[in-house]
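In structure tokens, one chain follows: the form predicted alone.
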């Protein structure tokens, strides 16, 4: 048994995203990508897990085990299906979700952009993109009553690197360098959204969530590692120095080696355990990621907005989370200002082109949409309510 020193008000919950769970997001760019001939997506999202209609059931599952917080996203493509045309019905839907979370004792952390855009949007490199995003944010600000934490953009470093990531074939070997025009557009959009939110809702705490994997350079690569990391995550963390919090999303480590004069990621060793996504199974990565983020952002508090593992073995999920939370507890003990932890994800959901990887604390029958909580859901709830990380059972080690 190990105590995790949770400060008063610590956020403790699970996360989802709109496109991955809601279903029938027909006005989005991702819907178009999934359904185009020859798509890189193995499978379309379709009805996903029907959370557009079953969000109350999802929240009940979280609240019933003692989770106090729920991270979900608002779908821009539903709010603004055509340029400058805003759906009052969609805004009302998400307002009901916010009210529903609060009614259940769940504090909502609302993300305004989780990878998907309206199909009419021409991309973050367009000089008009920050203004267009700010226009959307201004509309959403009107329904955020009762929300304390708002995230503008999810993993901007992944969004900016997506064209190269697609060519690389995934994140298993690390994040490629982002495209500069995309990175600049996303940073500007974040700053404008933050300004809009602070003007409309002075009490709201604004941040964004960065993919911060635990990069571990070997000794020859240490001096050159900073230059490698700067475009991939450091610059995006630096954008949070004027925020109220920064989100850290961590799943694995990436070892860095020096190849001549060039730093490159090294593939996991042949004996390394891999997850369903091909990433190295490395629970302690959360501790390294949180410490790195805190080093860059200084006094800005950290919230772990995503951490989890793609596995079909729920005992392994508990073991992974046990290791991750143990590393997080050590960071808290060392004085790192961490204000929350959200597990990814509440539900087994659509994973950006495939239904194969299962990250959820709850399984979902895709035919009937029946939700079946896994033991890991109750386990996570007990850790949050007790502040104790229990010892693993022999079957979970």
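This one's a predicted model, so the numbers in the text were calculated from it and none came from an experiment. Positions refer to the first chain, counted from 1.
One more form of this protein exists, namely the form predicted in complex with a small molecule; it is left out here, but the text below deals with it.
- Contact with the small molecule in the predicted complex, defined as any heavy atom within 4.5 Å, is confined among 344-352, 30-38, 58-66, 363-371 to 344-352.
- Put simply, residue 20 is close to the small molecule in the predicted complex: some heavy atom of it is within 4.5 Å.
- Remark: residue 306 counts among the residues lining the small molecule in the predicted complex, judged by a heavy atom distance of 4.5 Å or less.
- Interface membership of residue 359, defined by any non-hydrogen atom within 4.5 Å of the small molecule in the predicted complex, is confirmed.
- Contact check for residue 279: a heavy atom falls within 4.5 Å of the small molecule in the predicted complex.
- 249 is the sole member of 249, 152, 73, 233 with a non-hydrogen atom lying within 4.5 angstroms of the small molecule in the predicted complex.
- Proximity to the small molecule in the predicted complex, taken as a non-hydrogen atom within 4.5 angstroms, holds for one residue of 121, 162, 215, 115, which is 115.
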